[in-house]
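To begin, one chain is listed below as structure tokens, in the form predicted on its own.
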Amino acid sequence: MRTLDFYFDYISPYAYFSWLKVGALCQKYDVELQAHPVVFGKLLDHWGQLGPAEVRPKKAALYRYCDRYARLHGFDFNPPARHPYNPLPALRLSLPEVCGTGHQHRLISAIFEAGWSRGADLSCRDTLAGILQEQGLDSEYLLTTIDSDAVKQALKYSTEQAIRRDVFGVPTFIIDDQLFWGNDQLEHIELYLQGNDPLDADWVDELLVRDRGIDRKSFLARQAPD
């Protein structure tokens, strides 16, 4: 069975939107969906970016897009009580080593829905405890487990592995070493799964070796050796 790796952070509404659809897409094409929680902030740090919620007009545009998208697709958009926020507890709970592979996808769905459709504060442990209890999971045990060094290291490793695979944002999908980024890529993923991908990979490789015409000073500063 082919595998589609889904890299996500609860801090991203686009990751929520794509999660609502990617499971059915994988079922349709008999593809195993593997979900990987990663720390979006660490991806941003590594590649030298700001998150959408860290740029005031971009956050406003993001929320307008999200409200339109949700209304067009028939679900509620009510973002987390605070955004951005600390997603680490929720991400650690979603590791298969913590929640178990049998519960992982269901828990991911519940956390996403609480955060982005019910306005829950996903940085609050009491909120997370309530979500776990709704799913019939042992909240006290799991919330204690995520404080262990082993679990913290597991999330760190998941993020580092994503960076090694050139993951720079969320949501990211990788299938057959083909990387797709963003909620708007689901149509392209389906074309790929059908064997109808129109991409000319050789042409894109030629484009990527073209010279840079100009660089910003901040970019050059990042490229300078320490």
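One rule holds for the numbers: they count along the sequence shown, beginning at 1. Only a predicted model underlies this, so the values are computations on that prediction, with no experimental measurement involved.
Separately, the form predicted in complex with a further copy of the same chain exists; it is not shown, and the next lines address it.
When contacts are defined as a non-hydrogen atom within 4.5 Å, none of Lys28, Gly136 and Gln161 contacts a further copy of the same chain in the model of the complex. Residue contact check for Pro84: one or more of its heavy atoms lie within 4.5 Å of a further copy of the same chain in the model of the complex. Shown alone here, Pro89 lies farther than 4.5 Å from a further copy of the same chain in the model of the complex, counting heavy atoms only.
a further copy of the same chain is not drawn, but in the model of the complex it has a heavy atom within 4.5 Å of Pro198. Residue contact check for Gln34: none of its heavy atoms lie within 4.5 Å of a further copy of the same chain in the model of the complex. Annotation for 58-93: interface residues with a further copy of the same chain in the model of the complex are Lys58, Lys59, Ala60, Ala61, Leu62, Tyr63, Arg64, Tyr65, Asp67, Arg68, Tyr69, Arg71, Leu72, Phe77, Asn78, Pro79, Pro80, Ala81, Arg82, His83, Pro84, Tyr85, Asn86 [heavy atom within 4.5 Å].
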